[in-house]
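In structure tokens, one chain follows: the form predicted alone.
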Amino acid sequence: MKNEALIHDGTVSFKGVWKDFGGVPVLRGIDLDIASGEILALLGQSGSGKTTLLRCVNGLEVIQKGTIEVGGELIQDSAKGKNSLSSDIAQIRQSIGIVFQQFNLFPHMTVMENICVAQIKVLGRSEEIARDRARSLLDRVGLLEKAESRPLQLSGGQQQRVAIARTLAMDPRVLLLDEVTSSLDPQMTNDVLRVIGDVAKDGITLIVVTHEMGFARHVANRAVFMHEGVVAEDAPAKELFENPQNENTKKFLAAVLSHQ
């Protein structure tokens, strides 16, 4: 192997995290602890800070105040000055997978090549081991027969399932999912959510930004409702849906559930 992962569990901790864009606060003093293996749904209106919070976990966004730890490793620390990122950020990111709304597959590569390339170049796996891992994951997401297809030959839902398989091939401790079904039709959405529900059984920490309330309610252990850059409500998922305490949470759920 080229590099040993620094992260050995999936705990995530935010302490006093602030993030602004152009002087406008997007995250305002976030304190949040996520246990290893927990499935956390991040809910809230557009602009509430959900995606920014997610992107801070692996350093895609640099915070202005506070600290973020993943697996006991300090990934961001504002006390360091303008660049709060750990000097080991590249190695730490090996253990933090992220899947975006866009599939971001390499169009000139086959599905198999897409899943193998980072395993070989980043983790130092042999081609044989990487292909075995890829085949196992493609079988798991129901796309083994598409191994030699190119991304543009697949539907949107199939591409998203490949993107999830590619991320899982890196054996992450934490998996970040950012509205991964937002551009998919209902059938494709169901296919992707089934895969995520299956992944949730693996003990990986999942942090999921989603507008799929059924998934958040029945698959997540816990739900956090964000409003204007703060954690407005944090509760077990079932409890938050059945008995929300915050007025903004109540309004949000009433509006969203009336359309689902």
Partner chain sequence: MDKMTWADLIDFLPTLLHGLAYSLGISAVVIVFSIIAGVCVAFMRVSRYRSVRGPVLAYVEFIRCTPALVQLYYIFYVLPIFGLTLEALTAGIVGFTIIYTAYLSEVFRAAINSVAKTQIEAAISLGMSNQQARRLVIIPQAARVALPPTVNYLLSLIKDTSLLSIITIQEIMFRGLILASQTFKYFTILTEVAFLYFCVCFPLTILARRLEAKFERELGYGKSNGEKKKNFFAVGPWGASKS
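Small disclaimer: the values here were computed from a predicted structure and weren't measured. Residue numbers count along the first chain shown, from 1.
Missing here is the form predicted in complex with the partner chain; even so, the following discussion is about that form.
S.K.: Spell out, yes or no, whether the shortest heavy atom distance between N190 and the partner chain in the model of the complex is within 4.5 Å.
M.R.: It does not: once the partner chain is placed as it appears in the model of the complex, N190 has no heavy atom within 4.5 Å of it.
S.K.: Is I96 part of the interface with the partner chain in the model of the complex - any heavy atom within 4.5 Å?
M.R.: Taking the distances in the model of the complex, the answer for I96 is yes, it comes within 4.5 Å of the partner chain.
S.K.: Check whether S126 has any heavy atom within 4.5 Å of a heavy atom of the partner chain in the model of the complex, and answer yes or no.
M.R.: Result no; S126 lies far from the partner chain in the model of the complex.
S.K.: N104 near the partner chain in the model of the complex, any heavy atom under 4.5 Å?
M.R.: Judged by the heavy-atom cut-off of 4.5 Å, N104 is in contact with the partner chain in the model of the complex.
S.K.: Can you say which of 166 to 174, 141 to 149, 68 to 76, 128 to 136 gets within 4.5 Å of the partner chain in the model of the complex, counting heavy atoms only?
M.R.: Flagged stretch: 166 to 174.
S.K.: Can all three of A90, F100 and Q153 be found with a heavy atom no more than 4.5 Å from the partner chain in the model of the complex?
M.R.: The answer is yes: all three residues contact the partner (heavy atom, 4.5 Å cut-off).
S.K.: Need the contact residues for 48 to 79: heavy atom within 4.5 Å of the partner chain in the model of the complex, sequence order, or none if there are none.
M.R.: Sequence-ordered list: R55, N58, L60.
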